[in-house]
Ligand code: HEC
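Below you will find one chain, with nothing else, as structure tokens; this is the form predicted on its own, and questions on how it binds or moves follow later.
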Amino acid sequence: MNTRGLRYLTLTLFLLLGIAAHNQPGQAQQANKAFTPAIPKTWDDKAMDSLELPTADPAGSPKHISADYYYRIPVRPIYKSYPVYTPGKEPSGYEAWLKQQEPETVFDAATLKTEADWIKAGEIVFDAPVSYDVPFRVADVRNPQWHEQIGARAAKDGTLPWFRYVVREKGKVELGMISCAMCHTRVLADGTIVKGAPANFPFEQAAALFMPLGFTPERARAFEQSFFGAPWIKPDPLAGLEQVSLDQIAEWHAAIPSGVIGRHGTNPLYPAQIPNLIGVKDQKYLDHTGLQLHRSVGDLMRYSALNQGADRLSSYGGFIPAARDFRTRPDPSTQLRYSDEQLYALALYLYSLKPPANPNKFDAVARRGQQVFKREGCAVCHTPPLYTNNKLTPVDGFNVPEDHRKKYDILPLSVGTDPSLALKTRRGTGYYKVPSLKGVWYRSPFEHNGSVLTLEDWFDPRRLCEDYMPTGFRGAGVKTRAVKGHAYGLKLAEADRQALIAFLKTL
């Protein structure tokens, strides 16, 4: 990704890995066992051709860059990074100490001897920033007023796990961000850090505060078109953008709550709930819209590469998001990518992630809820033990092509949720995947666009009414709207509803 792309990547993008070898001899032997990885090529032209579902309007289905182009992109160096603290929690002399540190790159595949080594290296990739001092700076995270405005929850050790200090030049400390961790790290109410969970840093509100200071109206519009443009869709979801003011664009983003993001390829009016990466190894489709098949570790590597900017080099019916003129690809030497080894390590790390300890006990009420779950047929779609059947469900307004029924795992029904993300964005396939219910106790908000904050809200029948006030994402200028679809469970007796919710929180 070029410097300009990094500069505007404001919206996209420690459970320390415990290898308790000294306490568990059997695990020590396993952890120290020699490991010779079979690292697939990330960018394999044949694999890329079958990787993704077509877009809902096939005219916009992406034509990705070639392997030749991809491997001419320089590999991104990964620098050693350091924790960022909230004001008042930083160790004495920390800033001066940071300025004395030498620049150091920290990923070297030649030193990785065991599977545990590769997983630990993958955590380094997960945490690695790709943007420095943009959009936020060291002065921001050291400013108590900035924290008051943003309202981010700090970890129990006083750190902000979404940011890292980076030293690329001795004496110069930069604020690193836009890492995998920035979108996929959550701080629980007790200050516990959960890596892989949907982030609860308020990205969009922070970006909205920055936008009037860091953008001209022209640049803001160019950013919106680059990140969210899908001009082959009719009507164009960004039609009239040239007339939209900077303040209005900022309002779009300010209306997106924590846990939801207008990631590239979506739309600030149709954002996506940040997905959970814990358990990703068991998912057959990636993205809420089931955009990409997940058949192997190589596919997860490809997904990571695409979402670190390579998909913005693709041509969507002639529209190239990363191009200055939206038509001409930049020279590959102006971009950056991760190496195959880095992406393989990252994938192993993601596969290794475990959920936090669940405080919700499987008591008599939850046991009753389990019976309600079975009685109401919830397991048809949310099949144990994964609590998903790993299938796709078409959205209202999408006609399933006949060949899709042979290629993909499709349920013959729609649950009636808002189809906008699946039909009006360049990530739209015409489908939503059936989500897993595992971990719902820690990963709100819910629905593909995060419209409701709690399970209690989701099972509230009032959400189907037009005068309902969504507790999660509403949309800019929206006070009330219905959160339609998935009416299952809305007619339960109150005791059964509470029991079902209690059961779901134990998963």
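One rule holds for the numbers: they count along the sequence shown, beginning at 1. Keep in mind that this is a model prediction, so the values were computed, not measured.
This next part talks about the form predicted together with this ligand, which is not shown.
Undergrad: Can you check whether residue 468 is within 4.5 Å of this ligand in the predicted complex, heavy atom basis?
TA: Because no heavy atom of residue 468 falls inside 4.5 Å of this ligand in the predicted complex, the answer is no.
Undergrad: Check whether residue 184 has any heavy atom within 4.5 Å of a heavy atom of this ligand in the predicted complex, and answer yes or no.
TA: Heavy-atom contact with this ligand at 4.5 Å: present for residue 184.
Undergrad: If we define contact as a non-hydrogen atom of the residue within 4.5 angstroms of the partner, is residue 344 a contact of this ligand in the predicted complex?
TA: Residue-level check for residue 344: no, no contact with this ligand.
Undergrad: Even though this ligand is not shown here, does residue 446 get within 4.5 Å of it in the predicted complex, heavy atoms only?
TA: The answer is yes: residue 446 has a heavy atom within 4.5 Å of this ligand.
Undergrad: Looking at 310, 175, 121, 180 here, can you tell me which has any non-hydrogen atom within 4.5 angstroms of this ligand in the predicted complex?
TA: By the 4.5 Å heavy-atom cutoff, the listed residue in contact is 180.
Undergrad: Could you work out which of 228, 338, 163, 316 is the residue within 4.5 angstroms of this ligand in the predicted complex, going by heavy atoms?
TA: Exactly one residue meets the criterion: 338.
Undergrad: Spot the stretch among 85 to 93, 205 to 213, 284 to 292, 137 to 145 with residues whose non-hydrogen atoms come within 4.5 Å of this ligand in the predicted complex.
TA: After filtering at 4.5 Å, what remains is 284 to 292.
Undergrad: Heavy atoms within 4.5 Å of this ligand in the predicted complex is the criterion; list the residues of 355 to 370 that meet it.
TA: Contacts from 355 to 370: none.
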